[in-house]
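Quick heads-up: it's one chain on its own, the form predicted on its own, in structure tokens.
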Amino acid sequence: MGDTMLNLWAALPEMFLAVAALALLMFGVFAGKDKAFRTVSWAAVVAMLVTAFLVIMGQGGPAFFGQFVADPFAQFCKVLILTGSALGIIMSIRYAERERMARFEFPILITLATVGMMAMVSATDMLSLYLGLELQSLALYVVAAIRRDTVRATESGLKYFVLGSIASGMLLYGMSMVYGFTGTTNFAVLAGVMAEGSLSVGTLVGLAFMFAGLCFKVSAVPFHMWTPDVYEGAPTPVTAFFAVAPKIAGLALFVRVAMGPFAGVVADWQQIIVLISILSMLVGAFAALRQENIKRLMAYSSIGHVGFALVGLAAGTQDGVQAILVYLGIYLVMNIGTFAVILCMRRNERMVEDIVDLSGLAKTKPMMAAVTAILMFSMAGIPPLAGFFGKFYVFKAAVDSGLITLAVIGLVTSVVSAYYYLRIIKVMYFDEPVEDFDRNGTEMNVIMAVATIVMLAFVFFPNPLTDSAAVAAAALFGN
């Protein structure tokens, strides 16, 4: 079907998940708050698995008269988003019941945020992009402050809401500037306008504002200030979800905007991405050195990882986009595994969050310590673990594009960041043990085991991820 058609089949996964969320909302209302949480949570996970199947098997092509597209790039990102969201809900079930925050609205809000993220990565018009982004953001503002009875969670939700509103305003202002100077909001038409000649000053200013709004969504420096506070203040399963699904959706949207309508003017925006990437890598590496709270450490770690992913975007090539997608796949598994470990840091039915609480873990829980060590080595980019290959691909794309200085800075910051990952391993293996952690839940053990196996096995079986990323990147470039 051409882009002049409605083609509802292309948006079938989004429609199914939206209807499922509304059906679960009705079920939760009539079933009663106490009984509904676990049922709604598992039903939301099943709905996401069905949606992932529909994404993989679904009919592609443009839809909604050129406002939406279901191409291999969107399919790849949607599968990662759905995986992250489903795992986020699974990881939250026991925690929510234990901490008396088992509200059935929680999995429904995550499901609606996921619908928004899926719409974002398929958007081929600024209007549909903004609708998806706001659907995601409005749900996430509530999720961040879901624990109304704690000051930290309420504060983190308020900070996220205020700064997120500013970022949305900047994005919208940038879009209006681009529309004002080009006369269109459609990505395909914009690409044609950009290919005709150089960028006007007004369009460039609009693009800078758009990039600023998108930088907030992926917590890239200098729009990262909300990240450590929200990560620390929000309940740990919410932090785990924030660290993966919205981050992947934001980066995918960043790539879609930069390499879609503005692919013809890479030279004009490349220096912006290079600067943001360098700043994110530096802040992620050096600010984390002083952190004692492991959730704040993970916040700065995620800022650093966004910097590494943006190295691939700065390359402005198909190989660079493929490198980003491979990096996001590996990042998803590393982060989910690490947050499963953090959720197991419980003592006497109470969560503990300081790095020193891991002291002597190798003696009290050797398997959990081994899993954590493998995940930390992978985060640091130590070969032959998957994290090394993620960084290798983005640095190679940068070098191939002549951005050798950027790749060198990335390498140096990667070495610096290795210090705080290795420090966690040192605390686990060489410090004297403190009181033992409580028994882990089955779900956490399974997630940690699978994440560890993936990190170890990637060196032998990289093709499923790299090949599908190559197909997704080629689709974005029309190949």
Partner chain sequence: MVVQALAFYLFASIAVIAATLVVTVRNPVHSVLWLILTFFNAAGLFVLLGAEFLAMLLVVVYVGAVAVLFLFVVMMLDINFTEMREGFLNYLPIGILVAVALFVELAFVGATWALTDEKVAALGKPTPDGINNIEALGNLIYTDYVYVFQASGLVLLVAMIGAIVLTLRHREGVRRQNISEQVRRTRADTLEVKKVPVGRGI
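Please read these numbers as outputs of a predicted model, since none were measured by experiment. Residue numbers count along the first chain shown, from 1.
Below: the form predicted together with its partner chain, not depicted.
K.L.:
Of the options 380, 362, 167, 112, which one has a non-hydrogen atom that comes within 4.5 Å of its partner chain in the predicted complex?
P.N.:
After the contact test, the surviving option is 112.
K.L.:
Using a 4.5 Å cut on heavy atoms, which of 177, 345, 86, 146 is close to its partner chain in the predicted complex?
P.N.:
Here the answer is residue option 146.
K.L.:
Name the stretch, out of 97-105, 211-219, 254-262, 272-280, where some heavy atom lies within 4.5 Å of its partner chain in the predicted complex.
P.N.:
That would be stretch 97-105.
K.L.:
Does its partner chain get within 4.5 angstroms of any non-hydrogen atom of residue 67 in the predicted complex?
P.N.:
Contact with its partner chain, yes.
K.L.:
Using the partner position in the predicted complex, report whether residue 18 sits within 4.5 Å of its partner chain, counting heavy atoms only.
P.N.:
Close contact exists here: in the predicted complex, residue 18 approaches its partner chain to within 4.5 Å, heavy atoms only.
K.L.:
Check residue 25 for me: does it contact its partner chain in the predicted complex (non-hydrogen atoms, 4.5 angstroms)?
P.N.:
Close contact exists here: in the predicted complex, residue 25 approaches its partner chain to within 4.5 Å, heavy atoms only.
K.L.:
Look up in the predicted complex whether residue 373 has a non-hydrogen atom within 4.5 angstroms of its partner chain, and give yes or no.
P.N.:
Residue-level check for residue 373: no, no contact with its partner chain.
K.L.:
What residues, if any, in 420-436 have a non-hydrogen atom within 4.5 angstroms of its partner chain in the predicted complex?
P.N.:
None of them.
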